[in-house]
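Presented below, as structure tokens, is a lone chain in the form predicted on its own.
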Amino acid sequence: MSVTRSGWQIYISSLVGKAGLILLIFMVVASIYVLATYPLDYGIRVWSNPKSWADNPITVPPTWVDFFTGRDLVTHHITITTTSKGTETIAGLKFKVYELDYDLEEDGFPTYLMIKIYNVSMYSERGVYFVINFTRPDGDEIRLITFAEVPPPNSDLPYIAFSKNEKIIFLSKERSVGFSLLTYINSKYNLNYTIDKLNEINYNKVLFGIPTEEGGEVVWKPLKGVYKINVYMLGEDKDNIAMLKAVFGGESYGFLGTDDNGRDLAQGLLFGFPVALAIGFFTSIVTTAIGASLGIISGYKGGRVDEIIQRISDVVYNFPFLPIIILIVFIISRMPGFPRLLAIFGAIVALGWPGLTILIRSMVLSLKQSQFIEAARAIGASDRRIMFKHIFPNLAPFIFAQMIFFTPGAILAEAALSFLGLGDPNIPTWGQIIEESFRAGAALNGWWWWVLPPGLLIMLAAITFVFIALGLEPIVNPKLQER
């Protein structure tokens, strides 16, 4: 117990050891959070599913870049309602009213405005009639669009419309919305725009701004304040909308921005923590177990067993690691239904054990001449008992340190293979995210938030285990304690 306590005190007294332990705890906590909150099939169900990201803006930076650019980027915003706020009588007709609010605080315009309608229950063959109005902070109300929805002929009632695919209305692109906005700005600001100017009007600027004249030209400035989208539904009293969603496109999103599919990079990078730890730990454990076992057997047994193990080790050890591992993963990953991550795991293990086997053999050759080994033989201890009850405990600290050293190598190998396009596209690993960013030209387009964070996380993972291994060196090699 005192030996264990002494080793822990030596480790914790090292600055790099403490830094490595703190970083490892951070990675483990992040991994536990992901495993507790993410579905196990997150890669297929969410990450690779375009519908999961349909409401997100494409390739926008994180929200915190405002602190460095000096420009107040419009933050992406989604408003949802599932209940009506009551009814309103218009021209003798009673409408159900649903309200969606949006507070514009930035000095800019939303990039788009989209309405989504889900699961409309209709209890009459006449269907329902929708009116969508837009109220600005200055009190002006604009009727943007009207449309009707009726059940198909001979359908059972109540009929649920938009149950499989929601009704999507791009208010920033609908031509009928353009006519309404043209009428509004002509009457409000006396601009006298004609219909042929409709294609020149920026719907978002008209919706969220006010015109000013600068140098003889009309320039739109953002109008800050609370905007309201009112969706009026005319139908039976039982008719209902299950959910309404308004998406106000932003110039920034979340903590780490989005990629070219609108995917939240923070989610993908967070999911990479347990994947990286799993690849690193399991690969290093298996590689170390194989290498150490063969090294102990080779060094202790000697003779033909030693010759066979050492010649195989020499051959495998002298293989060029990266080209061979690329070839192995490429061949195995082409097998139908074979997981690519498992192929990467197998390839790293297959080529990673010989170095440790050679090192352990040389250490066993000197250990087996020790007096305690001779004493064990004298009392009739079996070879298996001597190898794993007497030799292995003396090598355990070194073997454990080597296992820690193997871990960052496995993580970097997976990242390199994923970067070369050999990773699993359905699992967001850090290497896979970097590969997708380069394939999309992120570096050329200046989308740094798609390239730098995964690269920094790979480096963080590698540094974590290097620090831990450096902290263990004084324990493994007592001569370093004197220094």
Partner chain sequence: MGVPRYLGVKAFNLMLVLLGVLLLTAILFGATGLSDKILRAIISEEVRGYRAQLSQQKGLTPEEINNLVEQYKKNLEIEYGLDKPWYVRLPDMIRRIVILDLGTSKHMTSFTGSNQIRDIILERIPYTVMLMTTAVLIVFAIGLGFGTWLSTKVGSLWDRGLSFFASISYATPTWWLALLLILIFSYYLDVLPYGGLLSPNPPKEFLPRLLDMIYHAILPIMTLVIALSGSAIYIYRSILVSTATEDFVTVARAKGLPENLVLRRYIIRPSLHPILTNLVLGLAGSLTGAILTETVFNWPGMGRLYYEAILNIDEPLILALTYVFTLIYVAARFILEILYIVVDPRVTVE
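For clarity, every value in this text was computed on a predicted model and none was experimentally measured. Residue numbers count along the first chain shown, from 1.
Keep in mind the form predicted in complex with the partner chain is missing from the figure; the text below concerns it.
Annotated contact segment (heavy atom within 4.5 Å of the partner chain in the predicted complex): 406-414, selected among 158-166, 107-115, 406-414, 287-295. With respect to the partner chain in the predicted complex, the three residues I328, L456 and I463 uniformly fall within 4.5 angstroms at the level of their nearest heavy atom. A heavy atom within 4.5 Å of the partner chain in the predicted complex is found for one listed residue only; from V219, I80, M335, I308, this is M335. With the partner removed from view, the residue among G225, P323, P152, P393 that has a non-hydrogen atom within 4.5 Å of the partner chain in the predicted complex turns out to be P323. In the predicted complex, the partner chain sits beyond 4.5 Å of every heavy atom of F170. Within 4.5 Å of some heavy atom of the partner chain in the predicted complex lies at least one heavy atom of I434. Not displayed here, the partner chain is approached by L422 to within 4.5 Å at the level of heavy atoms in the predicted complex. The closest heavy atom approach of L21 to the partner chain in the predicted complex falls outside 4.5 Å.
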